[in-house]
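A single chain, nothing else alongside it, follows as structure tokens in the form predicted alone.
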Amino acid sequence: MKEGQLKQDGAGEERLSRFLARSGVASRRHVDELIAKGRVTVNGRVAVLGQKIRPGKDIVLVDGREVGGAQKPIYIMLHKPPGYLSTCADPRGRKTVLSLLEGVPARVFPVGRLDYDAEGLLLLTNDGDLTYLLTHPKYRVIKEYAVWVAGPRDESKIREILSGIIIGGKRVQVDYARFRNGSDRVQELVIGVHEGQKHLVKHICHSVGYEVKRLKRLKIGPLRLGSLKRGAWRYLSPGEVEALYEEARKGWEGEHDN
């Protein structure tokens, strides 16, 4: 069994958070937030963290709507353009990445964040377990970014980034960073990180005095954006899904080289 795959807790019981995640409600991390906020009920009573249920017997509601059993898992790679939010809805009416997905037969949600003005590889799925594995830092799944910054090429800034950057009082360790291309005024960096803080790559660049002009995610673990055009999307192959699970397993067991 892959790390993160589901198992029931005996006598037909299952943890509520796992049930909600595999039902496509949200990622495992986010369903815990829903439970903590009192938005989930089981048989008419407000659910609590760590609660177990009997799938198919107990009635589970989220915001008053009943949640059924597991959906068929769907895995989508999207080349997110700038100007779209990596969320399912926005109260201010701004465009979200879901508006780019036509013909998807079930509800999916973004795996992690990609800034509003950024572009590149974004995964969407209804597999809450895989989402948890790809976004939790302990599994060390690296996300790779190309970053175009204003300023001269300065190798000392790369060394400073690699030494660890303090962000919000916490030291963030970058997995790798290097210059790739550039001119007198604009440099292209490649940065790999397994952490997931908001605006992380921008904060890293700003911390060494670079102004970010453009940001593009190129990879998530073994999965590459490749030649997929802006705004286009495709389903992942079974082999690609398996490779993502395997990458998380390697990170958990400390098998990564970097």
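Residue numbers run from 1 along the displayed sequence. This is a predicted model, so every value here is computed, not measured.
Absent from the display: the form predicted in complex with uracil. The rest refers to it.
If contact means a heavy atom within 4.5 Å, which one of 115-123, 130-138, 180-188, 161-169 is the stretch that engages uracil in the model of the complex? Correct option: 115-123.
Position in contact with uracil when the complex is considered in the model of the complex, options Lys52, Lys202, Arg28, Lys219, heavy atoms within 4.5 Å: For this set of options, the contacting one is Lys202.
In the model of the complex, is there a heavy atom of uracil that lies within 4.5 Å of any heavy atom of Ala47, even though the partner is absent here? Although uracil is absent here, Ala47 would stay clear of it in the model of the complex, with no heavy atoms inside 4.5 Å.
Would Val40 count as touching uracil in the model of the complex under a 4.5 Å heavy atom rule? Because no heavy atom of Val40 falls inside 4.5 Å of uracil in the model of the complex, the answer is no.
Answer with yes or no whether Ile35 is in contact with uracil in the model of the complex, where contact means some heavy atom within 4.5 Å. It does not: once uracil is placed as it appears in the model of the complex, Ile35 has no heavy atom within 4.5 Å of it.
Give a yes/no on whether Tyr145 approaches uracil to within 4.5 Å in the model of the complex, heavy atoms considered. Taking the distances in the model of the complex, the answer for Tyr145 is yes, it comes within 4.5 Å of uracil.
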